[in-house]
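Before any questions on binding or motion, here is one chain by itself as structure tokens, the form predicted on its own.
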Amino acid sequence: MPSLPSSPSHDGRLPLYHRIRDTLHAEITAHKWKPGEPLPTEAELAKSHGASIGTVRKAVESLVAAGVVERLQGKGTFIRRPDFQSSLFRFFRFAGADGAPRVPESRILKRDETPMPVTVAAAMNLTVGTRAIRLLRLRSFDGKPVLLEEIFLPRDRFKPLLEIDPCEFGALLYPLYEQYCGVLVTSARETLSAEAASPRHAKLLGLETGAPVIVIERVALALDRKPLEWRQSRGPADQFRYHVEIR
């Protein structure tokens, strides 16, 4: 996804569409419009920015190309809300007896405060030792473990999560971040690897020590591309799949 500035450019040497794009991007970053809400029409934007509709259209198309907004045929242009749940089904075969995808149940096994580990701090561009909230989460089907997740969040930004009953966390965390912390995850970087299950991970996943597991490391990002969350998810290799559509 192209990187866009989080503050508007005031360089008059830049093309007008470029400056309008930067202004709109900064306004979206500041939550002037929430995910799923429509942008003003091109005519309204052209009037407010003193530009032609063609210039505004070029600015909006640039935001579409960057994945910040999306056009819905016959409805308009909307602030994009990415579907992170699709990532889960891209990598693991989680389905019911009828073959339909199922979202695993989730349970917080542990929530504590800890200094940010060196590798996590580096991935999130934070100082080593930054105070973090660590979550250990187990996802399962009918009581059978299928995915183990370790999550690190900067404490200062996610402090309200320390006050929530772990039972309230639910299956999806990103809506919780938005509701309680005002933090919106809009994109992520993911890296896949494989390893032999350690005794600790094997016990939690109900596997034999040394059994093959797939590891997905994710760094979740804000609209301005700043890291918000680091997460490692581990699941049995026999549940692993990979699906991607190439166009």
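Each form is matched to the other, and the largest set of C-alpha atoms that superpose within 1.5 Å is called the rigid core. Just count from 1 along the sequence shown to find any residue number. It should be emphasised that the depicted structure is a prediction, and the values quoted were computed from it without experimental measurement.
Separately, the form predicted in complex with the DNA exists; it is not shown, and the next lines address it.
- By the 4.5 Å heavy atom rule, the three marked residues Leu16, Thr55 and Lys58 all count as contacting the DNA in the predicted complex.
- Of the candidate stretches 210 to 218, 192 to 200, 45 to 53, 175 to 183, only 45 to 53 has residues whose heavy atoms lie within 4.5 Å of the DNA in the predicted complex.
- Contact between Arg111 and the DNA in the predicted complex is not found at the 4.5 Å heavy atom cutoff.
- Of the heavy atoms in Gly67, none are within 4.5 Å of the DNA in the predicted complex.
- For the chain shown alone, Leu72 is a contact residue for the DNA in the predicted complex, at least one non-hydrogen atom being within 4.5 angstroms.
- Heavy atoms of Gly76 reach within 4.5 Å of the DNA in the predicted complex, making it an interface residue.
- Along 149 to 188, a non-hydrogen atom within 4.5 Å of the DNA in the predicted complex is carried by no residue at all.
- Once the rigid core is overlaid between the shown form and the other one, Arg19 counts among the residues whose Cα shifts by 2 Å or more.
- When two forms of a protein are overlaid on their rigid core, residues whose CA moves 2 Å or more are considered shifted, and Ala196 is not one of them between the shown form and the other one.
- In the core-superposed comparison between the shown form and the other one, Val213 has its Cα shifted by less than 2 Å.
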